[in-house]
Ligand code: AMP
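Before any questions on binding or motion, here is one chain by itself as structure tokens, the form predicted on its own.
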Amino acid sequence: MSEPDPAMQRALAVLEADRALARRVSDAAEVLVGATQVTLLAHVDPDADALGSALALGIALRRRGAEVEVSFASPDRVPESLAALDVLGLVVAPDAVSAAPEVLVSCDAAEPARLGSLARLLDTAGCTVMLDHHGTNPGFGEIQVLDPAAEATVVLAHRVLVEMGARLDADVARCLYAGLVTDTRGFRTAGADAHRLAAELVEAGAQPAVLARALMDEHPFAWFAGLSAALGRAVLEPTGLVHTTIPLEDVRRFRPEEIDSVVDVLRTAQEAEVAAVLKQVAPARFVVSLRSTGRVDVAAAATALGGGGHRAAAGFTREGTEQEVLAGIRAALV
């Protein structure tokens, strides 16, 4: 008997995974089409992918007649650069969210902890759906639409919307495009399917120039001083780790959009293998963003430090001093 062809085995495994994902997308769509009340959650400190996914689904569901609410545990308001996406006023404060939703949808949360205080709803909802693309996601929720190969969670939200038979209007398209353009770093990491999806969204009215400027190319003039200070504190280590720290005073002073953009500036250093930004959120607590230029798997490092993410982009939260957190990063990257 001949040995199994490894290439054929891999192809069959990929085909089965695609079929399994398609079944989960279908299951999610069926639940959402039949729901009369849906709560959609983005992760804490929501980005365009998390909030864009939640709002795209939320807009479509509201227009189908469902009662819809979108929320996140913190901060206490929608990031300024994303506020225009909430055209129907679906976002509600976390303390106003239904205590026992009929259907709960988690968007772009790599683990339940990323939902913050609202993770409690996973235990009280009638049905839970999880949409995510993080490779470190352990799997949670009754219906798990999880695909680490997807460039962004909005890609999965789009698949669910298509399966629902929802109309892709300009408002929904803008939400999806916002997540796609940001999570692919302006399409630098986008594959052919993502570019085809982008074309579909533009044809539906996504207005890429307007969105990209608001999301990626527009900062208050005062931020230049903050960015200058952050870059002035940057250190390049012989290992290829480049890092800086944003002190608590600046975290409180500037918008999250500005703070979160620093790591993508650091990663452009020609000598860098890994970029790290330590955002001080309390006297002895740091939220850390990690980016890799390709060779290093920062998701593995972040997971070892209690976080998670993707091979090229990950993060974690850590108690301790700045030097203790840096020592943990160095050890995890070895």
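The shown structure was predicted, so the numbers you read here are calculated from the model rather than taken from an experiment. Residue indices: 1-based, along the sequence shown.
Although it is not shown, the form predicted together with adenosine monophosphate is what the next lines describe.
Though the partner is left out of this view, residue 39 does not reach within 4.5 Å of adenosine monophosphate in the predicted bound form, counting heavy atoms only.
Residue contact with adenosine monophosphate in the predicted bound form: residue 114 places a heavy atom within 4.5 Å of it. The closest heavy atom approach of residue 134 to adenosine monophosphate in the predicted bound form falls within 4.5 Å. Taking non-hydrogen atoms only, residue 325 never approaches adenosine monophosphate to within 4.5 angstroms in the predicted bound form. The partner is not drawn, yet in the predicted bound form one stretch among 266-274, 287-295, 62-70, 22-30 has residues with heavy atoms inside 4.5 Å of adenosine monophosphate: 287-295. Among the residues 110, 181, 246, 130, the one placing a heavy atom within 4.5 Å of adenosine monophosphate in the predicted bound form is 110. With contact defined as any non-hydrogen atom lying within 4.5 angstroms of adenosine monophosphate in the predicted bound form, the contacting residues in 307-330 are 307, 308, 309, 310, 313, 314, 315, 316, given in sequence order.
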